[in-house]
Ligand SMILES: Nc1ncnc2c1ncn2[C@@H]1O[C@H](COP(=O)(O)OP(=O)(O)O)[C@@H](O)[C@H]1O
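Form predicted alone, single chain, as structure tokens, below.
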Amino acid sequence: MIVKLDSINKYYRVGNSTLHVLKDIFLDIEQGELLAIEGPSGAGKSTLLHLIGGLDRPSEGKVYLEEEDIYSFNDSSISRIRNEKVGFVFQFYYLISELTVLENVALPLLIRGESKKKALDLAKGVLDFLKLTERVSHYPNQVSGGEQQRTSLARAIVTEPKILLCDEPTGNLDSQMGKEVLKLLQDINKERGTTIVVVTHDRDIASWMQRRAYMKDGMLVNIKCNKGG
């Protein structure tokens, strides 16, 4: 077990009202699995992903990452856990336009405190793995959307995270590029043993995962395995 969600609730204050975004969520995620969190817009999928990754605190309940109750720590410790154990991929690539592809990928390692040489060497190795060797010196605006998303994938896995959290990772790509990114996620899972959680509203994307958890109105209403998963 890499992640355990225990009775998670999340509330937001909106004016004089309280919005109940997540409602009594229980979920176990196994080490090395591919999981889709599926559901319509507004179901609470992204909020749940942020709680798993240490980006937002639950109002009630506990989030365990490798048996550690991550929200029992202070903010600086949670940031350290994120840097060491969690990788993020978003619909928007969030690459730094002033940095090359190689420098963008090396950045999390530099933040961690690695030497520049080691960070660049490790970044190049991941870019080679994702077939971006010829793009290392390019800037984000000089590569395609699919290559930008692969760069964001490389940045997410260069720290060798235990879990990779992907929020609509194919949302800005055409269907062919989307399939290539999904295939890369499968390759990362198989070759690196990385646990991968993908948030999506698309059933076809969810079908690529081993297991799918369906959310509606802030509730986890169904969990099932895909064929062959």
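In case it trips you up, residue 1 is the first one in the sequence shown, and so on. Note that this is a predicted model, so its numbers are computed, not measured.
Keep in mind that the form predicted in complex with the ligand is missing from the display, and what follows is about it.
Trainee: Partner absent here, but in the predicted complex, which of 186-194, 66-74, 36-44, 156-164 has residues with a heavy atom within 4.5 Å of the ligand?
Mentor: After filtering at 4.5 Å, what remains is 36-44.
Trainee: Using a 4.5 angstroms cut-off on non-hydrogen atoms, would residue 21 count as touching the ligand in the predicted complex?
Mentor: Heavy-atom contact with the ligand at 4.5 Å: present for residue 21.
Trainee: Using 4.5 Å between non-hydrogen atoms, is residue 221 touching the ligand in the predicted complex?
Mentor: Although the ligand is absent here, residue 221 would stay clear of it in the predicted complex, with no heavy atoms inside 4.5 Å.
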